[in-house]
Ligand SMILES: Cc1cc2nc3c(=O)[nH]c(=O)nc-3n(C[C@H](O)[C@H](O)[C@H](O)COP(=O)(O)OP(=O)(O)OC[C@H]3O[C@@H](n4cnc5c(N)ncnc54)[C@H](O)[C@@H]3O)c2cc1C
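In the form predicted on its own, a lone chain appears below as structure tokens.
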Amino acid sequence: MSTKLPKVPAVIVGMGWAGGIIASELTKAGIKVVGIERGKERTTNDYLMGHDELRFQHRTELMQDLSKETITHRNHPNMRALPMRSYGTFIVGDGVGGAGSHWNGQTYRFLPYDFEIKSLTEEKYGANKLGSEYTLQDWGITYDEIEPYYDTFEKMAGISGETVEMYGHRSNPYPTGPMVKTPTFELFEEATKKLGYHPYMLPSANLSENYTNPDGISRSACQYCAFCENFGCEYGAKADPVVTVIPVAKETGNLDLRTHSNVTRILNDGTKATGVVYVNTITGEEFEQPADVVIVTSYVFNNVRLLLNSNLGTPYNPETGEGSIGKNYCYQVSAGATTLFYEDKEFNNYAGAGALGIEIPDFAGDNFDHSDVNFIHGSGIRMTQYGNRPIAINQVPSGTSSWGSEFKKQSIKYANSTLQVKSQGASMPHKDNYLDLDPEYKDAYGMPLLRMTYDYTEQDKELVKYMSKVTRKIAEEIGADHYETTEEQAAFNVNVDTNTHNTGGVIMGVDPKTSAVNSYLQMWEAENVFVIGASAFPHNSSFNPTGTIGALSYRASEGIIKYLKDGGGSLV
């Protein structure tokens, strides 16, 4: 039996980047907000003296407990899906700040090409470039329309970077300058310039200098300690909802933040929501929180799962192509890298920062001609220096035993004597890659788990073959004693692949028949439900998604405020 609580104007499910931004903007506008977070509250004090690889990376202290909730996966609709029992592919955050606390901080904008990808591809290459099985679509918003929201997010987070001429127009430069260029990046820069490419430093949420944002939040510059990915930042130098937007929301006095509270259902009549039901994860008590507006801002998988478990929206049917909840799940393609081994050179591979890197834009989006290749879009070709992990990273030449004295010998020899030219490629939607509810497996509360049906497509495999030649060419220009290139994309393995950028499932668009939300991320089928996050992306670009999540969150905030002030109605 649920305890029914007093009604509020807005309830937010999940207090990561999207939830934090929405809470900040609504509370500043004088709107009372209840923010519900299944994990605990954290501050930078929780990360002091916390450079513990075993605790945070291998025992995944900041992540969702997979023994209580996970996903199931299969590569094809005809296979049986099995639960993901340990982290490999995904690291789903848990606690206030969510993935925004343990992320690396790479903060790109998507390209103008991304937002109109179907129209621009057909215009240049014809309607049959990919084939009908690829469910490509425009986003329902142009780059020029979303650009002001990117600008707002970057100023709030203090993004460090440099303008790239081959990307979209910027109304303002980055609020802080690029991070330091390490000796290894100078090698990459020299080689790529010789080949006629255009290297630039990655846009970073690890501050390159001390910074005060428009909300008056001051943060200190990055220390390059190398503990970003999987870790919280004790300095507050890495932009995190906990040190940026959530304090602003709290300061208004309009945010009621409830931690250890897991939302299990959105109450609705099929056309409108009336609130949510959540369980206190410590006491087991169940509560009903009525609200005028329900804002779903959890991770991609949890957004989709909550809608499906609440019978809200029309589930995607891969047989007919009808329905939109679960449609267009996309990942990214990270094979195609080349590793450089040195016999007598050493680099400082164990220092760095999560967004410390250099990249070329020449093979991203439609920046090169695709007339004679069997794929569209492209990859960011890059070199990074996150800071290697002594336990997790043991780079040795292929053919070396994975254990024993020879493995130890080669691990020590090459610990600081390898570099890598990487590739992070875009992922196009396919009719057979989707999310739905698993018919067999349930979570700790008895609710069905989310089932992922996904494998790499022919588009992905062709992209990897092409990009592997590019990374090899750059590596050879840099020079090394030995090279190893991954030339083929293997089958997707949920416990092995390491890219963490998942998108789709509640996609945006202009047509209620092919999308779940409009350009304000307001559901077509329930006007007082907004679903914010990378779940709204109709495809996945080659860039990290957080900058676009932030921009869409600011746009959705405007829409929600207007919706509440106008007393309802569609925003488009």
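Predicted model, so just to flag it, every value in this text is computed and none were measured. Note that residue numbering begins at 1 and tracks the sequence as displayed.
What comes next is about the form predicted together with this ligand, which is not displayed.
Of the stretches 393 to 401, 407 to 415, 126 to 134, 222 to 230, only 222 to 230 has residues with a heavy atom within 4.5 Å of this ligand in the model of the complex.
A heavy atom within 4.5 Å of this ligand in the model of the complex is found for one listed residue only; from 94, 460, 438, 138, this is 94. Here is the short version: of 200, 299, 331, 185, the single residue with a heavy atom within 4.5 Å of this ligand in the model of the complex is 299. Residue 430 falls outside the set of residues with a heavy atom inside 4.5 Å of this ligand in the model of the complex.
In the model of the complex, at least one heavy atom of residue 102 sits within 4.5 Å of this ligand. Within this chain, residue 106 lines the site of this ligand in the model of the complex, having a heavy atom no more than 4.5 Å away.
Although the partner is absent here, residue 31 is not a contact residue: none of its heavy atoms lies within 4.5 angstroms of this ligand in the model of the complex. Contacts between 4 to 18 and this ligand, taken as any heavy atom within 4.5 Å in the model of the complex, involve 13, 14, 15, 16, 17, 18.
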